[in-house]
Each structure stands twice: as C-alpha cells, then as structure tokens.
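The data below hold one chain only, encoded as structure tokens and taken in the form predicted on its own.
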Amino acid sequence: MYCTKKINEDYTWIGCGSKKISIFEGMYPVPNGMSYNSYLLKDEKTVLFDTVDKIVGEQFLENLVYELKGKNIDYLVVSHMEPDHCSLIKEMVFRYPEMKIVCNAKTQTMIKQFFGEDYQSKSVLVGEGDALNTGRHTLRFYMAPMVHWPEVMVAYDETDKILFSADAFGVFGSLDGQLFDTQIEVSKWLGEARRYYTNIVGKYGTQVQMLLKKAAALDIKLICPLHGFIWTKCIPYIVEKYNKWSSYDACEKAVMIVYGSVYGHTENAAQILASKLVDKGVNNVVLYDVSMTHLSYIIADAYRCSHIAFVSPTYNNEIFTNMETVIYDMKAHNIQNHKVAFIENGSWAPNSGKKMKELVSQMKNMTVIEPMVTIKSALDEKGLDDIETLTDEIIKSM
C-alpha cells in the first residue's frame, strides 16, 4: 500500500524508510533504520527527482504509481548516481519510455557504467546554472562535485524556493512518519546528522564550502535531501553546522579519549585520565573503546571535540590493531586542527606512543600535548603522577 506525503501544492514526497536496514553502505550501523527520499513534481510537466535503493524499490513503485494516477513521467532528474538513489533508473526507462533523463555529462558516463546504456537519446544534459521550465516552475541546476561523488548536482526550484540537495544535509535514520524538521526535536537528531556528514561527506570540506557559497546566493525556503527529513525552520541551524564541520574546526571544547585494551590495564589509564579531567572541571569528556565502538561514532566525535587522547597498548611491537585502524580512518576522513595527547603501554618494549605520533603527524595541524605517558604493564605511582601532569597540560591547552 502506498505511503506518500504532500510537501506543498505541486510537490509530493514518494520516498521510503525502513527499520530493517541495519547497515548502510555495507559499513555504517543505522540502529534507527534509513530513509531514501524521492520527490515528485506535478506541473504541466511531471518531474521525478531521483529514485531509491532497490531494497525499498517495491514500496517506491507503489508510491509513484499511486501519485501519478495514470500519468507519465516527463523528466527524471538524476542528482547522484550512487545506487541507493539510482538503482531504479532502468526500471523507470522501461515503464516510461517517453521519459527524458535530466543529468550532467559525468552522470551520463556513470549511467552507462551501471546499466550498460547511456540513454543518450533520452538524455537532457545540463551544466552549471542551466534551467528547465516545467510550466509554473523553473528548475536551475548547480554542480556540486565531490559532495560526495564527482557527478553530484543540486536542483533549485526558483518558483517555490526549494533546494534539492542530493546527499548534502542528510541524516541517518528512518523518518517514522515525521517528514519535516518542524515535526521533530532537531537537537536529538544532531548526532546522527553529524555522524552522517562526517562519515559520508566530511572528507570533502573544501567542496562543501563551495556548495555553501552557491547556496548562500539563493533564497531557500525548503531543503529536500536524499536522506532524512526536509529542512524548513532550521535551515540556518544546519547550514551553520555544515559550515563549521566543513571548516574542520571543532564544535566544542571537549576531550575524546579513544583507547584499546587487552587485559584492562590500558583501559584503567584511560578511565583515570577521564576522571581527573572531570574532577578538574572538564565535564565535556567522552571515552570510546576502539574494539567495541564502530568507527563512524568515533569519527563523528572527532569533528565535535577539540582534543583527542589516544591510549593504546603495544601489540606485536606496533599500535594495537584497532587503534591503528581508528587513526588511519581519521586520516582518511581529513581530521585536522586538533590538540592530541598519547598514553602508551607495553610490558617489555613500549612502542605504541611513538608509532601513534608518527601516524598522527601525517594529519594537518595536529598539536601534540606533552608529556606522553608510558606505562609498563600496569599503572604505578609514577604513571599516576604522569597522567596528573598530562591532565593539567590538556586543561592548559583548552
């Protein structure tokens, strides 16, 4: 049975959400499921904005058929060729053979890569600033390369002041019937919005800044992303967050302590560091066990927190494996502009601190807080004093 929602007089949301989806992109846990947004414009010309992932394709087709009520689709706007949005292009061409595909040249190349057909005769190629008139509405297109694929473009409805933002401004989670930001408590969703941005888009901060500059020149009343809810009253709020995140500036004076531990002694050091920070007035402290917490949550808080403490045992004369993975992932996501501290452990040859420093030094503008604390097997009084000193130095740097 169909499940659609009116956006305004001419636009309808025909997307889908599912709680059964537990892993997004084969990588990111989504405990609250996922939404896949698609939008239908019914004007003199009928326009479909993107399709959905094939895993919710049946529901999408029911929604589409119900809303079309026997009409054809004149245009399919393809903003992003990732399969969670484009998987039904071939199905659309089969069902609506007169339909034109509105895309850019890079998109056309990817269509052929995915489906074996470039649909050249069915394509309407658009470039930066090009317009498409559908009757009452005029759609204008702006390129957004590497936000977060090279072919991405956004569409702006000049009539209704709507920005169709592709993967920008998305959120992890199923909508649960709440389509607009006016229907939710946005602050409760901020963590999943940040985790979505930092892991999906975050590496490409420079390109996001370019898109924000283009958007700043537009009068935007609604932002319709491909995942998550539609932004209305909170547009300035989420744009400010994107500006902050894409500048790689930490949002809060906070300390994230990431630790790995084999038998508990290194965890003990991490817990003591957290306790001493809190005792001395730093209440914004979070701890993550790198063996128990998915990387996506750590990456999200790395964007939030101004300080990161890496606490690791030495393992096979190297960094504890899961900690090494965390640091490599931070580098891959372009984490920068942080103050960092290190605690190492090793029973006969502590070496993880040196190795962690070497990896972190490959990241941009990372300031090391001394001293590095070295533990041999388990904390003793000297190690406790060193953590006390490190605590004071972290606080001074804040």
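Position 1 is the first residue in the sequence shown; the rest follow in order. Source: prediction; values computed, not measured.
FYI, the form predicted together with a small molecule isn't displayed, but the following is about it.
Exactly one of the stretches 323-331, 109-117, 174-182, 261-269 approaches the small molecule in the predicted complex with heavy atoms within 4.5 Å, and it is 261-269. Under a 4.5 angstroms non-hydrogen atom cutoff, the small molecule in the predicted complex has P350 among its neighbouring residues. Taking non-hydrogen atoms only, P313 approaches the small molecule to within 4.5 angstroms in the predicted complex. Although the partner is absent here, T374 is not a contact residue: none of its heavy atoms lies within 4.5 angstroms of the small molecule in the predicted complex.
Interface membership of N317, defined by any non-hydrogen atom within 4.5 Å of the small molecule in the predicted complex, is confirmed.
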